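The chain below stands alone and is given in structure tokens; this is the form predicted alone.
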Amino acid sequence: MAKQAPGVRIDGLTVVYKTPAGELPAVRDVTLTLEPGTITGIVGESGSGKSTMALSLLNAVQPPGRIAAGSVEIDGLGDVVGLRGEELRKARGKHIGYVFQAAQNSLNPLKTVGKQLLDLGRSHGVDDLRGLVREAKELLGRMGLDGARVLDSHQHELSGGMRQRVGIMLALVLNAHLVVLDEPTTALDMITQANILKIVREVHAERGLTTLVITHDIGVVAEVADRLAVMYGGRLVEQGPTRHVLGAPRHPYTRGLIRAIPRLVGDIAEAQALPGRPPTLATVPKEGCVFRERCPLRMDVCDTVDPEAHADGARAVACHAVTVKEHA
């Protein structure tokens, strides 16, 4: 019987980092559901907390960071925040596949890809290592690579696009059904990027996965994601079906991100950069709206009251100005 794609329920997740100024939140009170069998995209500028939130799905936030509050419930695993030791190690790889932002950083430069694959199999108690190698070759072949050659190569003998595909293979080869892709197309040329996204869509559909894609590129989520969550300053500011969020963005930050996308046709001056800079860990406001310093809709209440996410069907937005407008 085939494994069912798991659902994921992130509830009230807060991740803090210890600094000389005390513990500061990189992710604050995030609530998000990944429906079984869907692709969810999380988009936001660098430093918005996307990767920290994704690492929480593996309970892999490293010191000086820690998960301070909330839960990450995964079907078939329970709350991964409470997993420790051997239980947690087995969950990583076997249940949750993770493709890291820089694929070469997750590969050992001293070992061939094939030896790393066998190490992965042994560490998870795989009895049929020959079968594991066959599965890896088949996956690599499906992604347009010579499986035998790639398994016999070191990471420096592979291009960026090839290493990215190796990362996807290693995330899937143990038959994980929840897969996290952290910036899967960063630093890749446009043709390779298109190929990677095509592979993500195909493998997701064929294997019945639940997939989370972390990116700063709205074009990537527009291409692959069923649902889209927008993150800023450690908070989720808007979420909903991708075509609805991109077609009719409600939060001023989402609108700003879309307006900043360069156009291939028409007036290039229409693309406008967001004013100001995203907050750092030390400059995220302790109270009020995290986006207020850059927001064209800023109100007095934004300085002191953190806006709650206001749900409207499948959409949710956390903005005082939008909520006032909708209730007017």
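Numbers for residues come from their place in the sequence shown, where the first is 1. As the structure is a computational prediction, the values presented were derived from the model and not from experiment.
The form predicted in complex with a small molecule is left out here; the points below concern that form.
Think of it this way: in the predicted bound form, the small molecule has a heavy atom of just one of Gly47, Gly37, Gly70, Gly288 within 4.5 Å, and the residue is Gly47.
Only one of the listed residues (Pro64, Pro262, Pro275, Pro296) places a non-hydrogen atom within 4.5 angstroms of the small molecule in the predicted bound form, and that residue is Pro64.
Using a 4.5 angstroms heavy atom cutoff to the small molecule in the predicted bound form, all of Ala26, Thr52 and Gln101 count as contacting. Remark: Ala271 does not count among the residues lining the small molecule in the predicted bound form, judged by a heavy atom distance of 4.5 Å or less. Proximity of Val301 to the small molecule in the predicted bound form: non-hydrogen atoms within 4.5 Å are absent; the residue sits far from the partner.
In the predicted bound form, the small molecule sits beyond 4.5 Å of every heavy atom of Ala60.
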